[in-house]
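Just the one chain here, laid out as C-alpha cells, in the form predicted alone.
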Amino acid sequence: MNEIEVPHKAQRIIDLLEAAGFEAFVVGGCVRDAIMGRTPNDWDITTSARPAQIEQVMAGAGLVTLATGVKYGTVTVRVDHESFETTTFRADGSYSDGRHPDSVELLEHVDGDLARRDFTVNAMAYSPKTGIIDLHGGQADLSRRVLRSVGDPHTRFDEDALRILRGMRFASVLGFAIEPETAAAMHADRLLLERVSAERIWAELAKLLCGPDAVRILREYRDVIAVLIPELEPEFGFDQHNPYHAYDVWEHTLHALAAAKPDAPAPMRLGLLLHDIGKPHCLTIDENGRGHMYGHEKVGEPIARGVCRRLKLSRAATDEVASIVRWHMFTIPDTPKSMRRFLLKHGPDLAQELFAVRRCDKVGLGREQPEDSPLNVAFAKAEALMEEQLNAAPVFGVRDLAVGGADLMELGFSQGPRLGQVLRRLLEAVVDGEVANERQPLLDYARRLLD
C-alpha cells in the first residue's frame, strides 16, 4: 500500500510545514490503522520543525497552537476545533522513571524518530509527498499479523514498562501474534510493570479485556496479569474437585469471559475476570471427595473492591465490579413478584448484567446442558419475566411512585425519617403487587399507615 487518505485537517498542517521548508508526516498508530483499513482514533504528526518553528508557521496561517509538551518537542495544533499533536523528530534519552525520557534530542531526520518507537507496526510514517516510510518491517509484520518490538525488546520495555501491556492490548484488539523474542521479553520483564501508575495500567487493561482475543492473551500471559492483579494467582491450576466443573478456577474464568458478548463493557468484563476470586479461599471437601466453595461470592467482594481501588477505577465502576462478584450466584427469580424485587434491589442495568454474567458463568462450567435442563428452563423463564417487567411501567425507587413526600404531608405525615419509611413501604407494596402505582390507590394505602 503506497497511499493513505489523510484527513484534510491533518493534511493542512503537513502542507503548511512542507511549504515552509520542513519535512512532515503522519506517524505511528494512525498509519498502522489506515493500512489495515481501520479508522484511526488520532492523527499524530511528526516534523523536522522545532516547536517554536511549528508555532510560527501555524500562527502565520491563523491556527492556534498549545504548548502541551514542548519539553518533549510536542505542540498541539488546533484546526477547526480539532487537536493534532505535532512533534519534532526526536531521540529519547534514559527513562529513569520508566515512563518519560529524562531528556530528548531533537533530530533533523525521521529515521531516528522511528527507531525509538515501541513496535514495528507503530514505527511507520507517511505523507503524500514521500509515501510510506517503513524502516523496520512494519508492513511485513502487519501482513503476517505479528507484533514485534523495534530493536531490542528489553531496551524498549525498560524505557517504558507499559509497552509490555500495550503489546498485549494490541495483540488482543488486533488479533496479532507476538513475535517470540518480544514475547519472551514481556514475560521476563513483567515486574517492570510495578513502576507504572495504576491509571495507565487500567486504561490499557480495560482495552485488552474488550479485545476479541482477550482470552488468548490472558491465558498466554497469566504471569504478567498476576503482576497487575496478584489476587488472581491462586486461581491458576486450582482444582475445584467437582464433577460439575470441567476446568480449574482460572480456566473456568477464561471460558466464562470468552462467553461475554462483544459489546460487554470493561467493568463487566473485569467483574467476570474476578467473579470467582474468592474460591481458592473457600474450598471444603465433603465425605464423598467433592469440592464446595460456599460463600465464595461474599469472600470475593472485598477482594474485588481492593483490586478496583488499586487500579483507581471510578466509584461507579468499582461498585459495578464488586456487585457482579457479590451477586453472581443470585437465586433465579421465578415469579413476577420476585422479578420485580430483583429489579428493585439491583436496578435494571445491573440486573441485566447479572443475568449475562450468570449465563457466562454457566458456559464456563464446560459441561453442556440440554435445553430442557432445569437450569436452562429456569433461565428462559426468568429472562421472559425480566423482559415483561421492563416493558411494563417499572418502579425502581420511590422517585417512580405516583405520589411523593408532599402528598403524604398533606395527609398528615410529618417531615422526617417516618416520611421516608412510609414512601419505602409504598414502594414495597407496589413491587409486591399489593397496590397499583396510581395516585389515589397509593394515598388510600398511605392513610392506613397513619399512626
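Because the structure is a prediction, the values reported are computed rather than measured. In case it trips you up, residue 1 is the first one in the sequence shown, and so on.
If you look for the form predicted in complex with adenosine-5'-triphosphate, you will not find it shown, but the lines that follow are about it.
Asker: Quick one: in the predicted complex, does every one of 319, 328 and 358 get a heavy atom within 4.5 Å of adenosine-5'-triphosphate?
Answerer: No residue of the spot touches adenosine-5'-triphosphate in the predicted complex.
Asker: Considering 340, 190, 169, 279, which brings a non-hydrogen atom within 4.5 Å of adenosine-5'-triphosphate in the predicted complex?
Answerer: Selected option: 169.
Asker: Counting any non-hydrogen atom inside 4.5 Å, which residue from 345, 207, 305, 216 sits next to adenosine-5'-triphosphate in the predicted complex?
Answerer: Spelling it out, the residue with a heavy atom inside the cut-off is 207.
Asker: Closest heavy atom of residue 33 to adenosine-5'-triphosphate in the predicted complex, within 4.5 Å or not?
Answerer: Contact check for residue 33: yes, within 4.5 Å of adenosine-5'-triphosphate in the predicted complex.
Asker: Flag residue 44 as yes or no: does it have a non-hydrogen atom within 4.5 angstroms of any non-hydrogen atom of adenosine-5'-triphosphate in the predicted complex?
Answerer: Contact with adenosine-5'-triphosphate, yes.
Asker: Whether residue 252 contacts adenosine-5'-triphosphate in the predicted complex should be assessed with a 4.5 Å heavy atom distance threshold; does it?
Answerer: It does not: once adenosine-5'-triphosphate is placed as it appears in the predicted complex, residue 252 has no heavy atom within 4.5 Å of it.
Asker: Taking heavy atoms only, is residue 116 within 4.5 angstroms of adenosine-5'-triphosphate in the predicted complex?
Answerer: Taking the distances in the predicted complex, the answer for residue 116 is yes, it comes within 4.5 Å of adenosine-5'-triphosphate.
Asker: Name the stretch, out of 118 to 126, 180 to 188, 136 to 144, 228 to 236, where some heavy atom lies within 4.5 Å of adenosine-5'-triphosphate in the predicted complex.
Answerer: This holds for exactly one stretch, 118 to 126.
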